[in-house]
Each structure stands twice: as structure tokens, then as C-alpha cells.
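The chain below stands alone and is given in C-alpha cells; this is the form predicted alone.
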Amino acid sequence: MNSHTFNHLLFHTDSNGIAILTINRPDKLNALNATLLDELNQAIDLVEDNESIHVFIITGSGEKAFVAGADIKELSTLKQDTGEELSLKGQHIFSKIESCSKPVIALVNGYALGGGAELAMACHIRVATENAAIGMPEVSLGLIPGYGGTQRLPHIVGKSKAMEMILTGQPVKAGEALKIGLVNYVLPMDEALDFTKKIALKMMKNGPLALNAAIRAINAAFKNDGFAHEAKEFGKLCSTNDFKEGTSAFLERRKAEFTGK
């Protein structure tokens, strides 16, 4: 077993060549901050460069959350330019996951909200635990999903359901996520990792060049310029009063009072 040291990630590769990456900020429900995003970027490169790794599993530490969203304290400091810059950075990292030459499986163990849902959607396949809840509540902060969520969710669940999820900000539980195709499987917590590894082993029986080509071919069907538009809209919203109110209300644990300005 090979291991690598990060501040907010646990990374190891088993004897079968399955790499398991665990988002490890349990005190913050594994929320994504700038350091974690940088480490995630490094981990993807590690997977791509290591010929002994054949499948990549991403999950969260503990049993409450996969990734409960972005770090709201960091978000609350954004302006239009820094907001757009952060959106493009997140999109770039998640696109690297989506374009990874090796299959990437998200094991969604608990809450996957905001950036967590976007991370899960960037993976090729999603396995959820029975307590999982997936959603994008960014509108409650006066924002929109900024790491590719407005683009990937409609492709996965359809335009109408994506509109409902993003405009209401309400998450879906594991059973509904399975029903709408947002996840591939739902398992009890104590069975989910072994089941995910079994999927990985099935993939590894196939030709690695064929797997890579299949990933590229499927991704090619969904390419468009919507990601750039998402980043611009995300940045614009970071300069609004509603964004300041939304993030302040979250941090102060009160209901936001939006004015549309």
C-alpha cells in the first residue's frame, strides 16, 4: 500500500491499484477551502502520473458528509474578479477529474452540498450511502453553483429537474437521487466502500486504453461554452448586496433578507 501526506486529504493506494482519496476536514464537514482545492489538484496529477493506479475513488471522512460545500468564510470575502477567478479555478480542477484517463468513482457518504455536489458530479460514477443528501443551495447565499454545477447537473438529471434543484436550493435524499439518475447505486454505510471497490475491480478487468477512450468519447458529447458563462455570472454575483447579505446571514445563523440589489 502506498500513502501520501496532505493537510486535508488522506490518500492511499491498495494492492489492486485502487487509489482512495478521503476529504479530511471532519470538523468542517469536509468543506472545500483554497488549500483543499490545491491539494485535490495535486492528488489528481498524482493519479494520472502513477501507472500503478488504475481506478480512483473519492470519498469524505466520517459518516456525516462527503463534502458539505465550500468554506463560506472564504466565499464571503470574494469580489467580482476574485469570484470569477475562484470559479474558473474550481472548474479547472473538477474538469481534470472529469477528464481523468482512469475511472473516477465518488462514494457519497452523507451530505454533498454545493461544491461537494459539483465534485461528485465531476466523477464518472456515483455511489451513495443511505444517509446521503445531494444539493446545490448556492441561491440561498445569493450565488449560483460555480464549479460546473449549472452545466453538469442538467446533463445528468435533465433540464427540468436541474432547474428545480438549483432554483429551490433544496437537496435530494439518496432514494430520489437514485431515481433521477444522480447516483448509480445506494448502499448501507457499512457496505458502500466494499461495493465501490467491486465496481472498480470490474472496470480494471477491461483494457485501460479502451477505458480512457470511452471516457474521452462520452465527455465529448457534453462539451460547450457554458462553463465560462457560469464563471462570469458567479463573479458578477459576488459584487452584489444580496451576496453579502446571503453569506453574512449564513455565518450569523439567521434568515437572509434579499433586496435584489
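This structure is a prediction, so every number in the text was calculated from the model and none was measured. Just count from 1 along the sequence shown to find any residue number.
There is another form of the same protein, the form predicted in complex with ligand DAK; it is not shown, and what comes next is about it.
Novice: What is the one choice in 57, 36, 47, 70 with a heavy atom within 4.5 Å of ligand DAK in the predicted bound form?
Specialist: Here the answer is residue option 70.
Novice: Mind telling me which stretch in 105 to 113, 120 to 128, 173 to 181, 158 to 166 gets its heavy atoms within 4.5 Å of ligand DAK in the predicted bound form?
Specialist: Comparing against ligand DAK in the predicted bound form, the contact stretch is 105 to 113.
Novice: With heavy atoms only and a cut-off of 4.5 Å, decide whether residue 144 touches ligand DAK in the predicted bound form.
Specialist: Yes, residue 144 is a contact residue.
Novice: How about residue 29 - does it come within 4.5 Å of ligand DAK in the predicted bound form, if we only consider non-hydrogen atoms?
Specialist: Residue 29: contacts ligand DAK in the predicted bound form.
Novice: Can residue 11 be called a contact residue for ligand DAK in the predicted bound form at 4.5 Å between heavy atoms?
Specialist: So residue 11 does not count as contacting ligand DAK.
Novice: Using the partner position in the predicted bound form, report whether residue 154 sits within 4.5 Å of ligand DAK, counting heavy atoms only.
Specialist: It does not: once ligand DAK is placed as it appears in the predicted bound form, residue 154 has no heavy atom within 4.5 Å of it.
Novice: Scan 125 to 139 and write down, in order along the chain, each residue with a heavy atom lying within 4.5 Å of ligand DAK in the predicted bound form.
Specialist: Read in sequence order, the residues that approach ligand DAK (within 4.5 Å, in the predicted bound form) are 137, 138.
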